[in-house]
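For reference, the chain that follows is the form predicted alone, supplied as structure tokens.
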């Protein structure tokens, strides 16, 4: 596969491993310290513009998703819990999803996703022995589109050890990526008072993470509540999401695919 249009002057993935050593070490240290790390200007400006135009052209086929849900991505609360428990705090989410099978094989995003030196870099940053592409037809690399008034609710991601995104186009206003580091160490080790502060807007530990066009961000979405604040203005916020696995042959849950992409992906 043709190498993707990375800014190789800034990120020399086309050279030997040692050339990327300091960059990987710094990113890994930031991820361990802050629960996220950022690699600004990862793709060339021309490639970012082309990827954003490609996503914009696919908007008509994107699946609209709108719901009230809690931070566990559930649409119903738990009546056995107090009314102010995070499981019973439902917040609005609205956006459109472009599934992986809508992107052409020549897409810059797919070229990046399937390029082995990129996979090796990500594995080194997150501390995984090896990463594998997700085998689901819809999930591996997708684009989330936020128009005026769209947002994501505070939530945790799946059980994957990390989440990786690449900003293609920012909104005119709003659309900030906000993250509350370490709201839980594990599904059984949640800091409920901290989570409640975040969900009610009372926490002073929430961080706004830089999301400039072309910026690659890796974060521990399974351990830290995060959201995208409401978008304003006419420009659509376009964000690519890359899903890797720590073992081969992983596909998505058809029920989740139906909710997120409007189809199961099973044929």
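Since we're looking at a predicted model, the values are computed, not measured. Positions refer to the first chain, counted from 1.
FYI, the form predicted together with a small molecule isn't displayed, but the following is about it.
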Practice task
Kindly indicate whether 177, 219 and 228 are, all three, within 4.5 angstroms of the small molecule in the predicted bound form, using heavy atoms.
Solution key: yes
Handout entry: Of 124, 144, 102, 93, the one that lies within 4.5 Å of the small molecule in the predicted bound form (heavy atoms)
Key = 144
Completion exercise
Note: exactly one of 52, 213, 241, 62 sits with a heavy atom within 4.5 Å of the small molecule in the predicted bound form, namely 241
Practice task
Report whether the minimum heavy atom distance between residue 155 and the small molecule in the predicted bound form is within 4.5 Å.
Solution key: yes
Exercise for the section: Report yes if any heavy atom of residue 169 sits within 4.5 Å of a heavy atom of the small molecule in the predicted bound form; otherwise report no. Expected result: no
Handout entry: Any non-hydrogen atom of residue 134 within 4.5 angstroms of the small molecule in the predicted bound form
Key = no
Handout entry: Heavy atom of residue 119 within 4.5 Å of the small molecule in the predicted bound form
Key = no
Problem - Listed range touching the small molecule, judged in the predicted bound form by heavy atoms within 4.5 Å, from 190-198, 155-163, 83-91, 104-112 - result: 155-163
